[in-house]
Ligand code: ADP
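This document starts with one chain, in the form predicted alone, laid out as structure tokens.
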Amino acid sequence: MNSLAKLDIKYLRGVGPKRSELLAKELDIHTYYDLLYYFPFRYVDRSTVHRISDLQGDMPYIQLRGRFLAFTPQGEGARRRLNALFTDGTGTIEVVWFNRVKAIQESYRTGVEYVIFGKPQLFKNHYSIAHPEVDLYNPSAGPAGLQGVYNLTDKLRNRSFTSRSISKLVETLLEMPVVSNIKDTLPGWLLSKRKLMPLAESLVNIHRPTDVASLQRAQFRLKYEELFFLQLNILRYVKSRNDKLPGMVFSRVGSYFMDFYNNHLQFSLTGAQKRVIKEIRADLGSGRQMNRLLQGDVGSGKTIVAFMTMLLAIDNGFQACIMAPTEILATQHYRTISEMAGAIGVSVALLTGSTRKKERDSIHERLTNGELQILVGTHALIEDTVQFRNLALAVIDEQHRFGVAQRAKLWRKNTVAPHVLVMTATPIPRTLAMTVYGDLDVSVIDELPPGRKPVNTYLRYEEDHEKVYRFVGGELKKGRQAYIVYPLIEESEKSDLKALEEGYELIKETFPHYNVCYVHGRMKPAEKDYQMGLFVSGKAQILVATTVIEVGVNVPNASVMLIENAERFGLSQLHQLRGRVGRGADQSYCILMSKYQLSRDTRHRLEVMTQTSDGFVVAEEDMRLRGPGDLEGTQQSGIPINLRIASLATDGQILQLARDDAEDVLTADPELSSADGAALDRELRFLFDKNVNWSRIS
């Protein structure tokens, strides 16, 4: 593969300097290798020739054979187009081009037999095809069979590139000896074990499959290989880190932990919480640095687990910190942890961008002399001026909000890297966890504390507003509180959404006997904290907000989450918002308000919310609908999720096979020093050395 990656695409017949610049800029194709691995995103069947008289309803891409009867240019300037009438003897169909009118008119002739291929559009009982592929009919060529369709950008289309253009370049490349002589990247025993098609054969069949079965075998081989090397790279670095990075040993469970556990726990730990604490304790006593991801839905009790882990650090003479992405969330953690820590005599401080200099100086002094045991804060914690006496545990909350480089700075707070516990209330699908967070050990709290009731979720439409407001009023009369969330802050010309300001005024008019506060992302921190404080303290009964409240608010008395224009939110976002209620013992409700006319996918998304409160089911469905690249966190994870053919949303079984095999390879040959191992190592270096490797960082 190295040799293909060294050949500049401009030297391929049919490319040249100008086209190569376009391919590089628009499709990131710089070399022969890049083109070979630019796979079709779907396939069309060119084996069937349809008859115009048989066309009916909504048709897929079709192929017709016949002659052009006439060409008629119409319009001027930017509105210029070329219309043609095409017949196959059974009827006629209109063909239209909006670009390159003069060149196309000069290319085709009336009375000559052509094969055209495109998607027919039905308008007023007449079919037309825009920008079809047109080829001279060749009776000796035989049926075309399956044909790959390649993704293109608008700029490429405007510069006369078509899917066919890419296909022709690939054809040229596939006929070169450098491709047919490609050596396999996987060892023979693995090809045999998984019954994999050889690499060179797979690359030919992925671009020009001989039949459906060959295409499926080629897809399986290339997906497996992509996921195998991704997992092998992750697991190799995990092993290297575990071998090379020692961790401070927490050898004892001391008085702080036992005092809190025996005397100050307000609720008994759930079985899931106990299991996770045992997993963490095993890491902390192992002598290697802990890098663990703690997943748990909103309200599952992650903070208690994190606090008890901090007590283990303090019992062993060390310090701990917890870093949150916003001042609101950091302050929330500080209040919760201070209350628990105060009962057992543990010192806690809060450090954010708003901390005054006098308080900041005091924190620095107490940190360096060891008097301060737990520091809670925002990214202010990673500033160079913040020095600990002996930091041994760093807890990172909602870690996808931090870049990897930021998190790396925590490692430098001690000569021996502190243990790292990463927490997220965003449930992560299993395939994503194995990849994006594949270098972390994963613990899951999959059980709600006793007394917590699942939130009842309902989908309601705009005409139901009056009924919904009456229901909200009923909850307020019981002494409860309500969130009302809007997608936008101010009116947009392109959108009919209600702006937050309008909504705020409407809610004040609708509920005149209750205090209403509001927050949005553009407010100054002090004003935001003041408004939020009104709601947290109970002085305001209704909080009108944007998704700024997605994380960081804990109001057990709030029992209603009303989400306006819910169709504008993603599944994960809706689930996070729903998690703001149901935090007390009372029954809570999430009401999704939407317009009635919805696309099929949007309606399905909202119905998923009404059918399950399981965050992992929601996350799996979210990834299936949107794909993993759009999910929050993948861009900052440090693992390059730029898959060419595999999908974390649909190829979970292949991923598991690939990970199992990668583990077997490293168990048998940890250093990849055998002949097969050395070949795998070379491929890993080729694939990953050009990427910044953050896999040592959780």
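Numbers follow the displayed sequence, beginning with 1. Bear in mind that the values here come from a model prediction, so they are computed numbers and not experimental data.
If you look for the form predicted together with this ligand, you will not find it shown, but the lines that follow are about it.
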Candidate spot L269, D297 and I304, all three touching this ligand in the predicted bound form (heavy atom, 4.5 Å): yes
Exactly one of G342, P449, P525, P198 comes within 4.5 Å of this ligand in the predicted bound form through a heavy atom, and that residue is P449
Which of these residues, T331, N316, Q541, Q273, gets a heavy atom within 4.5 Å of this ligand in the predicted bound form? Q273
Which one of these stretches, 280 to 288, 261 to 269, 120 to 128, 200 to 208, sits within 4.5 Å of this ligand in the predicted bound form when only heavy atoms are counted? 261 to 269
Considering only heavy atoms, tell me if R583 and this ligand come within 4.5 Å of each other in the predicted bound form. yes
Interface residues of 174 to 197 toward this ligand, as seen in the predicted bound form [heavy atoms, 4.5 Å]: none
